[in-house]
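Next up is one chain by itself, shown in structure tokens, the form predicted alone.
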């Protein structure tokens, strides 16, 4: 039996607490040269895709901008379009929410990127729930959690109709007739749903992939159902192999209910990588990176999110607060997802952990925020990646560097060749599109309507 193949993406670090912006080697998170460096590195290593996250509003902490991490990032789609001009084969994936956008404009924008990149577009479909982000948009944060997914599903349904309204061969061959378009090759969409009403012929031809590759990042039950029904790739995060195997079995087990097979959906967790010439050196580097990511002020701010009160009088190298959190004020940070259903219980757990290990506030924050990651020599990291894929904990990884934009240089130069030697990663691209890289079949299409039926193409 042949070994399962590894899929790898490169996550642009940009704006998050993973990025070590204080490192002297760190460069701009908005300059095109930074995006280009990571994309070229990924393409030269034959990675599947470049990945870009989205931020809809600057985070706030205690009513002020939270600037202990990198602040400010450009819009997703223009960056991906710029990268389409400086790369040739690398997939280009970005996050765009379905909560605050309209299906017609999103379908047109993604079809355009797929055309410009010759079939390399991928859309990470997410939903947004809170009014803090919604305040920047005309609709506000009006959707309850479950309804976010109802809207997302209907938006995707309309987008698929718009992408499928053009036949692949809609444009008649030059000199073959009197019209530019083959008769009946572009059909109108007439959708009247709970969330959207869309009527008319889409103005953008179908891209080379038909539909962009669809990513989905939700981990809730609704998110897993949406992924099983609609997505080609699940972006997830699990800190252990056992947790990855449980998620992998769960989400792939949901596919059959939607007439899909295991190969129709890839599971790709995000993971950080720290390399060293020895295991001990790699562990030392990983510890140093975590200490750079969690400064004293960052540790206090992290704790304030749970405690719901000002803790700046506390020494980050001292013990945790003895008093309990104030549940009515736990959302002192806005723009960052936290799910503390019982702040008092979690505070007690953290105090017990800190006491048992003699941890300070900062050491506790470093420990509870540690998502593991891949740490070791190039050889051991290549082995960890291979084994995770072979034991069905995932189909590969989305690699998240801690430095912008050079954080994956060593991985590309030292780990990828070892995966190729193991026979589990490509030596070259097998096809031109992102679907080819990921081993996905063609985009699903609806039943073709009669050529003279211009009334309705809707599912």
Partner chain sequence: MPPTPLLGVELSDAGAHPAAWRLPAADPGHLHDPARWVSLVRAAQRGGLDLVLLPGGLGPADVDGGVRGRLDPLLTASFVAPLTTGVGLVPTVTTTHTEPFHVGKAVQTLDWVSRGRAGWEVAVSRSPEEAALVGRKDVAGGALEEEELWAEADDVAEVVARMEDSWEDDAEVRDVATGRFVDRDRIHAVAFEGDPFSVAGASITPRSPQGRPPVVVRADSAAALRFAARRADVVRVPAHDLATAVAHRRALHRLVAEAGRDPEEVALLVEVVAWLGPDAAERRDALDRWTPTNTNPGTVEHVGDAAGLADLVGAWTGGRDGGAGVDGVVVRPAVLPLDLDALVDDVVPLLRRRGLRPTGPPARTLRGTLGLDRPASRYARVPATAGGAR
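Residue numbers count along the first chain shown, from 1. Quick caveat, the model's predicted, so the values are computed rather than measured.
Form predicted together with its partner chain: not shown, discussed below.
- When contacts are judged by a 4.5 Å heavy atom cut-off, residue 30 counts as touching its partner chain in the predicted complex.
- The shortest heavy atom separation between residue 316 and its partner chain in the predicted complex exceeds 4.5 Å.
- Of the heavy atoms in residue 26, some are within 4.5 Å of its partner chain in the predicted complex.
- When contacts are judged by a 4.5 Å heavy atom cut-off, residue 391 does not count as touching its partner chain in the predicted complex.
- Stretch-level contact check against its partner chain in the predicted complex with heavy atoms at 4.5 Å: of 69 to 77, 242 to 250, 308 to 316, 370 to 378, the positive one is 69 to 77.
- Of the listed positions (357, 261, 278, 197), a single one reaches within 4.5 angstroms of its partner chain by any non-hydrogen atom in the predicted complex, namely 197.
- This chain is drawn without its partner chain; in the predicted complex, the residue among 236, 161, 272, 204 with a heavy atom within 4.5 Å of it is 204.
- Contacts to its partner chain in the predicted complex (heavy atom within 4.5 Å) from stretch 118 to 137: 118, 135, 136, 137.
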